[in-house]
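So this first bit is one chain, no partners, the form predicted alone, shown in C-alpha cells.
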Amino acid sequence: MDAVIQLLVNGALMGCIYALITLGLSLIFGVMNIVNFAHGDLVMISMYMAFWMGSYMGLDASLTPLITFPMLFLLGIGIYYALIDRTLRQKYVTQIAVTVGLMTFLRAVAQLAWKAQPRSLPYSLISGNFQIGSATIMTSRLISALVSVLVIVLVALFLSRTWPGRAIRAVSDDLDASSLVGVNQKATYALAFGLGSALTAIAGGMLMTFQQVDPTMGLRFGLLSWCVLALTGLGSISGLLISGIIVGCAEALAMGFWDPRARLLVVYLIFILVLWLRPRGVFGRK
C-alpha cells in the first residue's frame, strides 16, 4: 500500500505538468482545428533553453520561464504567420505535413545545438524532498505541480474575464458570428498559437528542475498531451487537470508494478478506449 501511495503521489504531480502542456495544445487545436505535431518538441526546446540558461548564465531552471515565456510567445506568433496561417484553408494532409516538418526541424536544431546525449542541471533552488506519512515528495515536483495548477487557473481567468480571452473563446465556438461582432480572426489565431506555445516554456523550465532532456523528448510529451486531450475533450479546463492526473497516475503505476518500458503502453490503451467509447472526451463540451 505504501508503494501504491508513493506512485500515485508521483503520478498526480507529473499529471499536473501534463495538464499544463496539454492546455497549450488544447488552445491551438480548439481554436484553429490544427493538429500540431510539433507541440511536444516546443516543450523539448523550452527544456533545452532552460538548460542553456542554467549552464551558461547561472539562472535557476525554475526562474527561466520569466525569460523563455515571452521568447516562446514570439516564436509561436512567428510560426503562425510563417507556416500555420498559410495552411488554414488547405487540406488536413497539408496541415499535418507542415507541423510534422516543423517537428523534424526543431528536433534537428536541438541535435545540432546540444548534441544527442541527455542533458541535465546539477542543482536547483527547489531541490530536496520531505515526508508526508509514508510518501516521499520531491520539492521540485511539488512546486512544479503547484505552478502548473496556478498557471492553468490564470489562463482560465484570462479566457473568461478579458476581451482577448473572450475573443479566443468566441472564435473557437463560432468563427462567423465572432467576425460579425468585430473579432479580428487572424490576430486572435496568432494570439492563441503564441499563448499555446508560450505555455510550454513554463512546463519546460519546471521539468528541468528534476529531470534531463534529449532531442527525442518531444515525441513523448507530444503523444502524452494528445492522450490527455483525447481523454478530456474540448472546452473543459478543470477536466484537463483531472485527465492529466489520471494519465500521470496510470503511467506511474505501470512503471512501478509492470515494466518501466510499458508506461506509454498503458497511456495509449486509455487513449484507444476513450476514442472507442467516448470520442468527444469525458469532460468535453463539444
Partner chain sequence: MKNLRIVSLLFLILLVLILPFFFRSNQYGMILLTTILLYGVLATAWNIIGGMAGQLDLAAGAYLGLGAFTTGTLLLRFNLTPWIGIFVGGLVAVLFAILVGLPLFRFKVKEVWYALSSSALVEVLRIAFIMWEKIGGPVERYLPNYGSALYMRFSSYIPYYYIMVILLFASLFVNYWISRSKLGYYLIALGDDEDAAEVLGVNVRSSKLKALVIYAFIVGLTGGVYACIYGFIHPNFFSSPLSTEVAILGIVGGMGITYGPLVGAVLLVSMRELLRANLGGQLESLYLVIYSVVLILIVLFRPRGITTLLQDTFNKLFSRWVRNNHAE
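Numbering follows the first chain given and starts at 1. This one's a predicted model, so the numbers in the text were calculated from it and none came from an experiment.
The protein also exists as the form predicted together with the partner chain; that form is not presented, and the subsequent description refers to it.
Answer option from 147, 156, 175, 98, heavy atom within 4.5 Å of the partner chain in the model of the complex
Looking at the other structure, the residue within range turns out to be 98.
Any chance all of 78, 161 and 189 sit within 4.5 Å of the partner chain in the model of the complex, going by non-hydrogen atoms?
Looking in the model of the complex, the three residues 78, 161 and 189 all stay beyond 4.5 Å of the partner chain (heavy atoms).
Although the partner chain is absent from this view, report whether residue 111 comes within 4.5 Å of it in the model of the complex, heavy atoms only.
Residue 111 belongs to the contact set for the partner chain.
Taking 4.5 angstroms as the cut-off for heavy atoms, does residue 230 touch the partner chain in the model of the complex?
Contact with the partner chain, yes.
Residue 223 versus the partner chain, in the model of the complex: is there a non-hydrogen atom within 4.5 Å?
Yes - in the model of the complex, heavy atoms of residue 223 and the partner chain come within 4.5 Å of each other.
Hey, in the model of the complex, is residue 184 touching the partner chain, heavy atoms inside 4.5 Å?
Contact with the partner chain, no.
Using a 4.5 Å heavy atom cut-off, indicate which stretch of 52-60, 66-74, 31-39, 237-245 touches the partner chain in the model of the complex.
Checking each option against the 4.5 Å cut-off leaves 31-39.
Relative to the partner chain in the model of the complex, which residues of 251-266 have a heavy atom no more than 4.5 Å away?
Counting only heavy atoms within 4.5 Å of the partner chain in the model of the complex, the contacting residues of 251-266 are 258, 259, 261, 262, 264, 265.
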